[in-house]
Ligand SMILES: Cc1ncc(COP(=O)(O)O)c(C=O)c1O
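Quick setup: one chain, the form predicted on its own, written in structure tokens, and binding and motion questions come after.
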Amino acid sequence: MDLEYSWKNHLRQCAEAGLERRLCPLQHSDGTHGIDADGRRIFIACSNDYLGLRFHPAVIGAGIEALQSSGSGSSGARAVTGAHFFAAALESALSALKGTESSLLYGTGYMGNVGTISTIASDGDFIFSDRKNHASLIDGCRLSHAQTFTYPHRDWQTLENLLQKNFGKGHRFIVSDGVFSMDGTIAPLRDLLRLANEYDAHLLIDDAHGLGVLGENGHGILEHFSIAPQGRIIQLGTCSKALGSFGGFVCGTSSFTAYLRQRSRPFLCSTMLPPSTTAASAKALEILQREKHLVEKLKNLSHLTKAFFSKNSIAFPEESVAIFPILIGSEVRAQKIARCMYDRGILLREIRYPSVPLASARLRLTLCASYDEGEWLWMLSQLHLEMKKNGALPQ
């Protein structure tokens, strides 16, 4: 079959099923607003910039200073051309915050997940992966060539059965998101760690959506559960969400990160992050630890959102902190509500297949500490009106 015909046919089918994706040109003007192609001011209700640090003057200033002194790029892979001192400083700061011996930066969180799993697991090993894990974790499992078992979402009992059946064979790895990005749910970390200890497995936790959100100080899922870091736990993460910058990282023992530096292809074969990015990330990490009111503001907005949803019969996961998936079901209906919201000056994109299973389309609402409470409540009221108008609320 002619490939051009195949592509066009696929696009036609996507359009007919309400699954066509259209990119939205938008110039973000601050942490919560943007200007669209028509010059309209748009309220952004779906950003991962949880603490609003993208536009923090100190973060921008650190990036500009590094850009002017060190150029726009890093010129090559870190193993070839090295990296600015900012990179090592950021890794040290991440290790200190996460309570580990060492950290290693990757170009993106996706690369960090793929690069870590595909390097430390191999043929003859066993991976146990939550069914709702992020695509980067799934792809890392596939590329490792280890035998991968998928257990139902957060079902540690089924996970234990799988571990029992495969005990004593190869190396074992339990892989899970900390906060699940499409559902807002949180991994049962205490149970996962107990099983990792009992069945001699390493526990890989992607804390991309936990840093800056979970725990009293926003240090992430381990702080949330009052669990002390240990060698068996590998913490993965990103600077592109609550830190408002870019790049991925992995935290663990010194021998673990040294092994990755020797063997991880996404680390060895990719251009290093530019100095301006690592400098901005380091400054954002410093602000996270200093300006603790940002984490508290985020949690207050979370309580406000839950109260509004409860009052207006909108279902949400009770444990949600910064991610609120509003389940719609129908892809066409979700797309229509998102379009109507945009007409009201609100960007709230629908999430649909293949990001989530068919017929489980949703609107993914996310919080930002920079939101004005009055404007946030206005946005929620507009969402409630559109859901009611389009039959997305229980009668």
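When you see a residue number, it is the position in the sequence shown, counting from 1. Keep in mind it's a predicted model, so treat the numbers as computed, not measured.
In what follows, reference is made to the form predicted together with the ligand, a form of this protein that is not presented.
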query: Position in contact with the ligand when the complex is considered in the model of the complex, options S103, S181, S129, S144, heavy atoms within 4.5 Å; finding: S181
query: The ligand: the contacting residue among T278, T257, Q235, T238 in the model of the complex [heavy atom, 4.5 Å]; finding: T238
query: Contact segment among 157 to 165, 106 to 114, 280 to 288, 298 to 306, judged by heavy atoms lying within 4.5 Å of the ligand in the model of the complex; finding: 106 to 114
query: Contact label in the model of the complex: H134 to the ligand, heavy atom within 4.5 Å; finding: yes
query: Proximity of M272 to the ligand in the model of the complex, heavy atoms at 4.5 Å; finding: no
query: Exercise: C251 in contact with the ligand in the model of the complex, heavy atom 4.5 Å; finding: no
query: Non-hydrogen atom contact V175 with the ligand in the model of the complex at 4.5 angstroms; finding: no
query: Contacts with the ligand in the model of the complex, stretch 188 to 223 (heavy atom within 4.5 Å); finding: D206, A208, H209
